[in-house]
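The chain below stands alone and is given in structure tokens; this is the form predicted alone.
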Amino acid sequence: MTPGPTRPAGPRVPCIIVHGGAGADPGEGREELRDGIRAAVVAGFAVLERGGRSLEAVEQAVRVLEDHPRFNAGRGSVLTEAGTIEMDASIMEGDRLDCGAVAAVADVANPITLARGVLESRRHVLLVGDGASAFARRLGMPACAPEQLITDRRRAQHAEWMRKQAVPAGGGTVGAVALDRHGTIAAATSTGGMVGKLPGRVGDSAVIGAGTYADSTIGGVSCTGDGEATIRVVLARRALEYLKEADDPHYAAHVAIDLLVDEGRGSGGLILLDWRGRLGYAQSTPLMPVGWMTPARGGPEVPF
């Protein structure tokens, strides 16, 4: 691999990019999706604008989408084959490559905040199931009844899936990547997984290097789509390798999605931000809601 450009010292122009999942239905509630993405971008950029860190910015942006019932994360997550809810999330900071992740969590309203707690513990990277729930209580995070996170829309979706006896279907993901004034890049991803997945299934959103990766000398990535395919090709890390070689975020994003389709044998999308603050995104699905914000624009851009 050819060496990437040297990152200069000094303050950086902050920016953030957010996605709402490559599994979004292009014919259903597009304006509601835009409103959610816009709110997430604004929440994340507010952290950066006041001089806050990118880690907090991506957490706050993802929390907005976890709290929004229209997205497949937190409240609004899809249901397993058994009609239960199991959520995955991960977060990574690119200076020290610190990361934290949780999987198969059912009783936490904001899995991304629990994942950050795992990161900040500096003891483990990935906690799952009951162990993740117990750790949440140690952090003082309140327990949330799983039923409070299940929406009527998801119940109806599960009933339709059961009627058709279909194979598990993509459900979408949410994520964010940010660059702060200090030059630190962070990335975060959260999901409810696949419609009709087996209980205990873990997708790419909890796997560092597959669904999420950040390296402040190169960039940051958050992925969405077919989790098994994304894991097979370690998509987030591979996207940064393409970025380092080509020094072109748009190109890196599209080549990475070609890899997902051709070698991973799946579909999906990703968002990407490089160390300069240049962004890229790509998807192989009909729709992936995206939005971003920089000081130069004066407001969020939500172009889908």
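Rigid core here is just the name for the largest C-alpha set that superposes within 1.5 Å across the two forms. Counting begins at 1, following the sequence as shown. Computed from a prediction, not measured in an experiment: that's the story for all the values here.
Here the subject shifts to the form predicted in complex with a small molecule, a form of this protein not shown in this document.
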Review point. Any chance residue 203 has a heavy atom within 4.5 Å of the small molecule in the predicted complex?
Key: yes
**Study point:** Touches the small molecule in the predicted complex: residue 171 (any heavy atom, 4.5 Å)
**Key:** yes
Review point. Taking the shortest heavy atom distance, is residue 194 within 4.5 Å of the small molecule in the predicted complex?
Key: yes
Practice item. Could you confirm whether residue 93 comes within 4.5 Å of the small molecule in the predicted complex, counting heavy atoms only? Key: no
Check your understanding: Of 110 to 118, 130 to 138, 96 to 104, 223 to 231, which is the one stretch near the small molecule in the predicted complex, taking non-hydrogen atoms within 4.5 angstroms as near?
Key -> 223 to 231
Review point. Taking the rigid core as reference, does the Cα of residue 24 move 2 Å or more between the shown form and the other one?
Key: yes
